[in-house]
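In structure tokens, the next block holds one chain alone, the form predicted on its own.
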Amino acid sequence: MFAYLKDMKNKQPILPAAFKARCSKLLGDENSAFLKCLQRPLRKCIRVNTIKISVSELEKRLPFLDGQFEWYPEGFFINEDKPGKYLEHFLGYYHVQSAMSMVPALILDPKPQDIVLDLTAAPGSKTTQMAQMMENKGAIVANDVRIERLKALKSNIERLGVVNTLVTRVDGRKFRLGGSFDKVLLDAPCSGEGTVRKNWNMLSRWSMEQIRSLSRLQKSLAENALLSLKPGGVMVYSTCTHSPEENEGIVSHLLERFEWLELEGIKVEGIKSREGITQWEGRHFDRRVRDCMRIYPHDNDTEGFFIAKLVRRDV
């Protein structure tokens, strides 16, 4: 495992050599722009909680808003380092959430009549976003396995006024409610390569051993999540990493494992994204993974993300 170091003079991360080499292999000529972007702090963002307040009403109350997202009217950049200190945050009028982490729920597009599973839900940013998209109707099962994370999940649900959500504590690999859900979100535990700008300390844990271990966990979680879908149901698989082993490698495995599975192309107007890659370090993935969405930090001045939309077609 690589030790994490900081250049104390410039207060910038010193990236592990193996990490930089993999990024270079993945991004080619763009690697310099990518690595330079990682050195810049991530812009803070909030999501307006429309369960409790309208966008226009909150705009009048907050002095630190610094631009509305082009692609999502409830999302705003802010110029405040401590947005959690305000009364409006305590009242649940907004939630501090990074920009690209709002995209998976938009792709899943849950409706008020849907029954939704958020298999690895804590701390609840995407759960509560889906609840407001569903107008606090329908039903969400928000699951996680770690007690400390469940505390944060329950706290956010209560603060934001969410009433359509049931919290469960089950190992996601053993969650057994087959064929019960219209939609499933699996924002999988991952190596977090896309979060370097907001959490440089993640590099202290980064290693190929970690990536291989996580990819095994992701496969198990994703297989079980798909089996929780009703026929015709939709699952969004997402991570905040760039590692192909955790992204296209998982989706390709699922497409090979389940013949009834289809991958839908996705795009969000206003967000620059790339298609999925079809080969990596000698491994060839199912060519359909090109329909996945890769989001790099230097493309939108955000964090990095990976998203895939899968449909169970055995109807």
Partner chain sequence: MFEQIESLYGIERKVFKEMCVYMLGKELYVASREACDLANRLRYRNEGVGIMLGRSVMGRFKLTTNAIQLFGRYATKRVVEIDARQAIEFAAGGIIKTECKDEGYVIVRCGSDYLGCGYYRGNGEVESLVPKKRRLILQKDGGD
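Worth saying up front: this structure is predicted, and the values here are computed from it rather than measured. Residue numbers count along the first chain shown, from 1.
Below, we refer to the form predicted together with its partner chain, which is not included among the displayed structures.
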**Report entry** Site check Lys154, Gly161 and Lys174: each within 4.5 Å of its partner chain in the predicted complex by heavy atom
**Finding:** yes
Report task. Just give me the single entry in Leu227, Met208, Val96, Leu217 that has a non-hydrogen atom within 4.5 angstroms of its partner chain in the predicted complex. Result -> Val96
Report task. May I ask you to choose, among Tyr72, Trp200, Tyr86, Phe77, the residue with a heavy atom within 4.5 Å of its partner chain in the predicted complex? Result -> Tyr86
**Report entry** Heavy atom of Phe181 within 4.5 Å of its partner chain in the predicted complex
**Finding:** yes
Requested in this report: Using the partner position in the predicted complex, report whether Thr165 sits within 4.5 Å of its partner chain, counting heavy atoms only.
Outcome: yes
**Report entry** Close approach of Arg212 to its partner chain in the predicted complex, 4.5 Å, heavy atom
**Finding:** no
Query raised in the report: Given that the partner is absent here, does Glu148 sit within 4.5 Å of its partner chain in the predicted complex, heavy atoms only?
Result: no
Query - Partner-facing stretch of 200 to 208, 165 to 173, 103 to 111, 240 to 248, counted where any non-hydrogen atom is within 4.5 angstroms of its partner chain in the predicted complex - result: 165 to 173
Report summary line: Looking in the predicted complex, the residues of 44 to 66 with a heavy atom no more than 4.5 Å from its partner chain, listed in order, are Lys44, Ile51, Lys52, Arg61
